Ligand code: PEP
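First comes one chain, alone, set out as structure tokens in the form predicted on its own.
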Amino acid sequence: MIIISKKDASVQKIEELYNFLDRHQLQYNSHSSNGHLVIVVNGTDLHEIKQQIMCFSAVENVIPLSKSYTLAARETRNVNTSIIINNLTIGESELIFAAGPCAVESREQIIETALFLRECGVHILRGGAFKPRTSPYSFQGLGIEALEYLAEAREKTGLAVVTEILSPEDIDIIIQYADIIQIGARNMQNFALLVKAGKSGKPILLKRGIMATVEELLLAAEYILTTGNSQVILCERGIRTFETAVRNTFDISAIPLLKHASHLPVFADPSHASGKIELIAPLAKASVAAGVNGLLIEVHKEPYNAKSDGHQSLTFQLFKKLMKDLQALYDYLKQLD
């Protein structure tokens, strides 16, 4: 439920309300909005508590929530969440581009790629250090060595870095190098990892699981939000269906659904959604039309030699053209608003 305070409520009266919530061992978060204090209380079966809260002189209104997720719900927060990383703001009017290889393969590769991406106007460098591969015999990533290369690339280009975490035990090393922690589709419901990543205080890019509903994605985000970390980016990357012509089925409807249901920024990953180079551009354009805040696109100088996901990675030339097309489309659509 949501508790809205009176504008003239004194500090003492607010403290009495907080003490009441603490005595009942309720989890809550609060923020200011238009002169009111808004307190979001987590939990179910709060009907009796609601009646008692209404008796506090500091309280103007108590609103029950209809969603199974509370902190992620748009009705909890009437403004879009913005995430600030140095000079970069995610979730406002600018279309954000995150790009790079599926996996960091060498120092030379990631630095050359980062320099190219900066010239194209990309904001965030993506690159896997620890890779969750379907086969145990596939390239698993360079680990800490890759993290060091990503940090060097950031120093040379100023790009923010996003990289995936696989295990809660890796959080301490990941946060030393990454600006954004990616939780991949296979780990969307790894609840111990969600909580540990949330407690790091770092922004989290949360990908939708391969068989997860929109509500399950939002509930996974809720695990992170309950740690007090509000910096969550939701990412649609396709789901598994009976269709075999593509790697995954890209759920374009999820983008406006998430934007309507939640205040959190929404990204799309057309590379994993399709698994095919020729489909990345049209799916990326569709994502922009659907209202995404950002795109996550795989790029490799020589995709045919890539150690991971070369079949869904754009060449430098193709990516440069796509960037221009996407920005032009985004600018045009803004004029129509």
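In case it trips you up, residue 1 is the first one in the sequence shown, and so on. Computed from a prediction, not measured in an experiment: that's the story for all the values here.
This next part talks about the form predicted together with phosphoenolpyruvate, which is not shown.
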query: 4.5 angstroms heavy atom contact with phosphoenolpyruvate in the predicted complex for His300; finding: no
query: Residue contact check: Gly143 to phosphoenolpyruvate in the predicted complex, 4.5 Å heavy atom; finding: no
query: Interface membership of Arg186, phosphoenolpyruvate in the predicted complex, 4.5 Å heavy atom rule; finding: yes
query: Residue contact check: Ile124 to phosphoenolpyruvate in the predicted complex, 4.5 Å heavy atom; finding: no
query: Contact stretch among 127 to 135, 91 to 99, 76 to 84, 249 to 257 - heavy atom within 4.5 Å of phosphoenolpyruvate in the predicted complex; finding: 127 to 135
query: Partner contacts for 215 to 237, taking phosphoenolpyruvate in the predicted complex and a 4.5 Å heavy atom cut-off; finding: Arg237
